[in-house]
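Next comes just one chain, in structure tokens: the form predicted on its own.
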């Protein structure tokens, strides 16, 4: 058991060193955070200027995460893809598999490190976006507090959603190996399936859409449940199920082919 724990610790440390040592990762993430905060402020300002007699398109909780949903999720998903594809492109993957011969352990270490980093960043940014939005809309619409019913769970779920998207990216990179194709596969899971469902006639748009990541994330980030979607607790299961299935598929593929 001690030997297994030591190997797991070494694999995690190895992957963390690679992840945080690449300068472009930090710059990409910093740019994503800055853009997300700017878009969040713009959305909050637009919401605050909505006339009181006109219903707002989103409640103030959902509005807090609209910028986050695009300008944070997309770059982090791509970074998740690059965790594998950059090593395939450079040939470093052979060194990685030599250092850690069990490929499932490599996949697990990459997914854990990348997902954990995304979770921490996601939670901090989710809280920041929420507080910014509520401070801006408080004067006209009345802002929400962090202790308001539903808010803590929504913030936690939004951070979890970012970690799930990063894990989907890792899995796509492991399966496809080529950056462009892997990004396309990851974006299909994270965004495009939900977009396709939106073009279906009702009620199939909701019946199928509720099993996609964006619909599930919308449900857990709203004050009021949308009719036809899964309950928030089940929506969280949907968010977790997509990366779990993707990683299981990646593990099967890695075991069957050469580096």
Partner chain sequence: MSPAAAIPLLVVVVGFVAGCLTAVVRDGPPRYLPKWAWALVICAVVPWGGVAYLAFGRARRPGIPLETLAPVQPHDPGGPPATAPAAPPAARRRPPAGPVTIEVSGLTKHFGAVLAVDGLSFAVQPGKVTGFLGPNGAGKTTTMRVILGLDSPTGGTALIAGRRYRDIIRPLHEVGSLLDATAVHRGRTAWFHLLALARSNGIGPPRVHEVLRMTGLEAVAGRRVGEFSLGMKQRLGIAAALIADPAVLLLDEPVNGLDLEGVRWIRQLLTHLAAEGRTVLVSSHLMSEMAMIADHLIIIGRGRLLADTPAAAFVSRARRDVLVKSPRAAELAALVTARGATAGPDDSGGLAITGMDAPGIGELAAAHGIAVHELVPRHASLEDAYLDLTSGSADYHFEPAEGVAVR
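Numbering follows the first chain given and starts at 1. What you see is a predicted model, and the numbers here were worked out from it, not measured in a lab.
What comes next is about the form predicted together with its partner chain, which is not displayed.
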| item | value |
| --- | --- |
| Residue among 187, 121, 105, 175 with a heavy atom within 4.5 Å of its partner chain in the predicted bound form | 175 |
| Per-stretch contact check against its partner chain in the predicted bound form, the hit in 218 to 226, 63 to 71, 41 to 49, 199 to 207 (non-hydrogen atom, 4.5 angstroms) | 199 to 207 |
| Heavy atom of residue 13 within 4.5 Å of its partner chain in the predicted bound form | yes |
| 4.5 angstroms heavy atom contact with its partner chain in the predicted bound form for residue 86 | yes |
| Close approach of residue 128 to its partner chain in the predicted bound form, 4.5 Å, heavy atom | no |
| Touches its partner chain in the predicted bound form: residue 248 (any heavy atom, 4.5 Å) | yes |
| Residues in 86 to 118 close to its partner chain in the predicted bound form, defined by a heavy atom within 4.5 Å, in order | 86, 90, 91, 92, 94, 95, 97, 98, 99, 100, 101, 102, 103 |
